[in-house]
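Single chain ahead, by itself, as structure tokens, in the form predicted alone.
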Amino acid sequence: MSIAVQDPEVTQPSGPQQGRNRRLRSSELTRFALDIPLGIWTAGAVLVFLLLAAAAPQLFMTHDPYAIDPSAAFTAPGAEHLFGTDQNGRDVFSRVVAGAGQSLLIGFTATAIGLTLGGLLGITAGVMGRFVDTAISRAVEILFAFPGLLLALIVIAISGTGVVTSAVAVGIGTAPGYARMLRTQTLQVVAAPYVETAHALGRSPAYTLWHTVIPNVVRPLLVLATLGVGQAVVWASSLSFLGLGAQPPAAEWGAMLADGRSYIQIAWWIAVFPGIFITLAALTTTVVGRYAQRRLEGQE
């Protein structure tokens, strides 16, 4: 009896079929793009601008953000200075653009620290049994007794002020929230049928943890990180506003906001534009993160 062996070339689609496949994929991408609301596209565009400003501020800056020109102090917004100038004649627009890098860097760093600490606590609590779960849960509840920003202030009081300290402080302040969410996610994954199947197949606990539990637990981390960056930017800016984070003349949004509050009646633009960008960073990351969360939940 002969066995027919299929030629691999036969399975490859012909030229017209390849064209139809490309058109099909293009139509699917078009439908996906049309399904995204206009508000999400707008938020995404603003977020891309902020990320570009953080990564390559020279593309947008019109002046040296640190150049002092006393003769141009308190110049109102106009063609020469889009956002006006501050009390030292520095271009506010260029300083806001330059501040995107430092503010977003603090936000991303703090979010990474918070997710790492929260992930270690949450996943450990979810997989190590009742005793460890109870101990970690009680510790997290104690930390929850302190508002997150107050917890960050306590860390700064112990460690001192500065950009690095503020990023670490905000990360520690957000860690309890991430720990609680990831503990819940871990408990759901541990109880899932595919984990029970892994145990039934004789997989070791370590293998099941690293190849089954953790990959499914960290799946929503990108969404959590997107939501957390905006909160971290606001908290870090609040610390800088209080004089506990970035210090003048640093081009950081919170420090600029604090720098302009004394002149709000005669030069409102010094404080208003950094405040607008803090709001935009928090708003756009939250909108994009919430939308990604809904899409992720809809696929499960």
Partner chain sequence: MSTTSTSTGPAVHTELPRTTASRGSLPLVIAKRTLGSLFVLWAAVTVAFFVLRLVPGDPVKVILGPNASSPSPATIASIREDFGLDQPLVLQYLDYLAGLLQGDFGTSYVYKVPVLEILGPQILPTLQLAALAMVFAWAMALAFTLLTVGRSRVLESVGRGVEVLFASVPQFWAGIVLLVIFAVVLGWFPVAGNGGFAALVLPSLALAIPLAGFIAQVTRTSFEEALVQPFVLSARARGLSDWSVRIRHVLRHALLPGLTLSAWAIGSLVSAAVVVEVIFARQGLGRSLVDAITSRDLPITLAVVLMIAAVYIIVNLIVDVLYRVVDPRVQEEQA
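Residue numbers count along the first chain shown, from 1. Here the structure is a predicted model, which means the values were calculated and not measured.
What comes next is about the form predicted together with the partner chain, which is not displayed.
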**Asked** Is it the case that A145, I276 and V287 all touch the partner chain in the model of the complex, with a non-hydrogen atom of each within 4.5 angstroms?
**Response** yes
**Asked** Of these, 71 to 79, 177 to 185, 90 to 98, 120 to 128, which stretch puts a heavy atom within 4.5 angstroms of the partner chain in the model of the complex?
**Response** 177 to 185
**Request:** Indicate whether the partner chain has at least one heavy atom within 4.5 Å of a heavy atom of V163 in the model of the complex.
**Result:** no
**Prompt:** Does I154 make contact with the partner chain in the model of the complex, using a 4.5 Å heavy atom cut-off?
**Reply:** yes
**Asked** Does at least one non-hydrogen atom of V272 fall within 4.5 angstroms of the partner chain in the model of the complex?
**Response** yes
**Request:** Report whether the minimum heavy atom distance between L47 and the partner chain in the model of the complex is within 4.5 Å.
**Result:** no
**Complete:** Exactly one of H211, R138, R219, H199 comes within 4.5 Å of the partner chain in the model of the complex through a heavy atom, and that residue is R138
**Item:** in the model of the complex, the residue from V189, L104, I113, L224 that sits within 4.5 Å of the partner chain by heavy atoms
**Value:** L224
**Request:** Select from 67 to 91 the residues with a non-hydrogen atom within 4.5 Å of the partner chain in the model of the complex and write them out in sequence order.
**Result:** none
